[in-house]
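Only one chain is shown below, in structure tokens, and it's the form predicted alone.
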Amino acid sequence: MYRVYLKPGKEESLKRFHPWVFSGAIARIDGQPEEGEIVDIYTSQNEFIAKGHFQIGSIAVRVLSFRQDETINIDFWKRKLAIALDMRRSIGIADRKDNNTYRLVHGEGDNLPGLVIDIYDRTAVMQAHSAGMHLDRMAIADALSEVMDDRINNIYYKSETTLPFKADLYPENGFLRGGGTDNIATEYGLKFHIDWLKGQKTGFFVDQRENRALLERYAKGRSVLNMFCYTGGFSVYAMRGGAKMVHSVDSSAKAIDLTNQNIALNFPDDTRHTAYAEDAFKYLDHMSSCYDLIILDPPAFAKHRDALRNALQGYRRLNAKAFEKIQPGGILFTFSCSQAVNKDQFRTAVFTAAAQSGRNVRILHQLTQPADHPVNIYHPEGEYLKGLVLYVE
């Protein structure tokens, strides 16, 4: 087994069970581990402290276990996946008749850093964000098949765009188990086409499920604008909530096609919905002030801290335009999924936009990711989704 020795004092974060070892904390490595191999981590005093997947880069080791006697094998993966499933069952999101769409594994939040698994009816979509999870994908698939039993028939691997490019892993997307083509899943009684082949993330934004359900409660009789609509999730919920008009906007024509398919799947021949393939900022600039419920759910404006300043400017500009155009008594759902932007920074950006508009604004809800996207208490960086529901006079 390869050994990673830390510099003096660099074990403190691991003593607090933080699951990352940064490259700058390493004094030396016994041997030459390949990317993705398991290494044991020792303090400068030669004391075992953790083990995990080795990787070249800023995050050098992603911790899988703090126990020296724990072997990373098929039994390890089965135990971890069973714990993840039990948690989803205990919070009432798995094994529901009206919902077969949920996240089974959320990386560090489930003590499996670098691994994401989403469930869409009979298909599990697995995504690796580390070399180690990529190399262990077949063992994980075996364990997943056993733990999920008859809940799934297919396991699709989708990691071509998520693995570190320096690792030279050349992953290929494809089925590890099964090969079913039925891509319709149910979320709280609504049906959605899931594009796990070419769609973003694992094919659907599972993390907005509870926020979509909240929006449904506010939609009755309102004129709704869903910006950055992607698959139209918020639009579908607004329709069921009784909105009198729903407009969906996305710069991607493919996203608009998918939105229209999902609307037709749930509300065939319903004339309340119209979709537009157009740049969001251009649409906001020339749109009329007819909306009294607006959703702003943009893609991450900052994927790393170097882009933070421009991202905050983008959030201010986007929200300022919404405050300018929304009807009096309107409700604004506004989000940031940028991990580099924390809650306070996002709130400040939105509050600055509100102040610029000169309108009275009240906070109705402060939103985050749902319970099947848990935040490891020892890894606060895992809290990435921020949202506000605002009442605008």
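Throughout, we count residues from 1 along the sequence that is shown. Given the structure is predicted, the values throughout are model-derived calculations rather than measurements.
Although not depicted, the form predicted together with a small molecule is the subject of the following passage.
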Though only this chain appears here, would E108 touch the small molecule in the predicted complex if you measure heavy atom gaps against 4.5 Å? no
Taking 4.5 angstroms as the cut-off for heavy atoms, does D142 touch the small molecule in the predicted complex? no
Should N100 be counted as a contact of the small molecule in the predicted complex, where contact means heavy atoms within 4.5 Å? no
I'd like to know if C229 sits close to the small molecule in the predicted complex, meaning any non-hydrogen atom pair within 4.5 angstroms. yes
Among the candidates P298, G178, G314, P164, the residue which, in the predicted complex, approaches the small molecule to within 4.5 Å (heavy atoms): P298
Please pick, from D86, D279, D149, D270, the one residue with any non-hydrogen atom lying within 4.5 angstroms of the small molecule in the predicted complex. D279
Looking at 319 to 327, 75 to 83, 201 to 209, 128 to 136, which one sits within 4.5 Å of the small molecule in the predicted complex if you count heavy atoms only? 201 to 209
